[in-house]
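Taking the form predicted on its own, here's one chain by itself in structure tokens.
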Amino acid sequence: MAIQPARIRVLNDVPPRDGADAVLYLMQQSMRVPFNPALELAVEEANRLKLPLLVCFGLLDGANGFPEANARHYAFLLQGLADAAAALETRGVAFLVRRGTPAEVAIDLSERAALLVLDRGYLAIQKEWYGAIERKAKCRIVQVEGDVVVPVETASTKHEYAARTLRPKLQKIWDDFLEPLEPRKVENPAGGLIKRLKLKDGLDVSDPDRLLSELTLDTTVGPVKRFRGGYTEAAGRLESFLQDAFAGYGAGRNRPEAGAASHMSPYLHFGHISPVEIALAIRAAEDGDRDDRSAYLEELIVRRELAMNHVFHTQGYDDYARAVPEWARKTLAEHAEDERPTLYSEEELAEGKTRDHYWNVAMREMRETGYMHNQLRMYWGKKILEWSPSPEEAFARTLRLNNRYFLDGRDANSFTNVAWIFGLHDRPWQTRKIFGSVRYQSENSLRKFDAKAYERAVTRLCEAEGD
């Protein structure tokens, strides 16, 4: 199938450079080989120009590392890079990983490229990289949107108020984008290209553990055993989910102890699997019924792409004053002086030292395994608002803890979900202390699932991390 034109944007409309050594693709957001429209477009262009394809990646560490990323995140990322490197080699594509910002790496290598292909992300730092590339790279630049089902600007040209306003827009057109993507044949294999071009400073990603030990990183939050990065792992998890847990997803997805989660979120965050591939697999699943499919696609497409819409249209999505709607800030300010039943320091929260036993259990799962079920994430965040000295400090704490421990932290979903705790994409509710008219969640919400079974599951998972 052809790549949908709405996914493709020409950023620098100049002819491909004559006498070039290769076509260049900066694989930064779509960190995978299968079902990657940016990669397939790059292959098409390389074939058309009768050139080999060079894929590059800019790896940040030290003082210039990715904001808030630590050894936990980097271990997962490097595992994904190792998986991608092996798959690219099989297809006859060269892969070069360099230390430096993605912009620095792409701009330098583009000096000898016929054209440059980019994938697309929506966070401020990603926009900064792509903007620098667009300004400084002298060759033709084409950007391909491959980590959403419906391209963000095609879905909506404005900041959407809530899921109910974006949902009909997505549902009306998403069939146009839910199509298979077959790998193109590489007609000019790149064997020996990096050596032939004398490109130095490449990092060997074949041994992720060794490379991780050589990077300058925050190691206070270490890697986890529960999740391993890469497309191969993501595809295996998806297959297991469809066979073992998808049937009943609609009824079980809000019960953390039910084991109904697909755990695709970290893989989507790092671009290790395509949301289109997941959606097509869900539609084709033999198990599960209409309710299961509808519930999963709601989370995968509507809720996830509402988050993309939010960060794309919000300058300052990580800032309380700009990310939280005015009505919510106003009501929280009116109740900022309300007496808090308990105040905890951020250290006490991180260590799970509160009087709320099951909140501590959820925090332990997050801290030790990098994951927490969505049903508990909302309760977890609402209690931080209740236990913090001000809504502004609560927002900052929630975001810091979220980004520090979750594998899928620092994601559009993360920034949006944190802001939701404070009223984003929601409406005013009955007024109460501390929260004003922002939605409140009490301990009664824990009665909707088997909390003791959930605790037993967390204990097993955390003990496995210590093995």
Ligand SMILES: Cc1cc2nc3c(=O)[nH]c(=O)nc-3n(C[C@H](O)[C@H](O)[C@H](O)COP(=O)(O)OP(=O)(O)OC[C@H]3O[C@@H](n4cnc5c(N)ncnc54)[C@H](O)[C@@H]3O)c2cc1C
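Residues carry their position along the shown sequence, with the first being 1. Being a predicted model, the structure only gives us computed values, none of them experimental.
The following text describes the form predicted in complex with this ligand, which does not appear among the structures shown.
Between this ligand and the residues L193, L166, L268, L212, the one pair within 4.5 Å by heavy atoms in the predicted complex involves L268. Out of the listed residues A137, V105, A261, L81, A261 is the one that sits within 4.5 Å of this ligand in the predicted complex by at least one heavy atom. Partner contacts here mean any heavy atom within 4.5 Å of this ligand in the predicted complex, and among 42-50, 22-30, 412-420, 57-65 they occur only in 412-420. In the predicted complex, Y249 approaches this ligand with a heavy atom inside 4.5 Å. In the predicted complex, N374 approaches this ligand with a heavy atom inside 4.5 Å. Residue contact check for V186: none of its heavy atoms lie within 4.5 Å of this ligand in the predicted complex.
The shortest heavy atom separation between R303 and this ligand in the predicted complex is within 4.5 Å. Contacts to this ligand in the predicted complex (heavy atom within 4.5 Å) from stretch 393-410: N402, F406, D408, G409.
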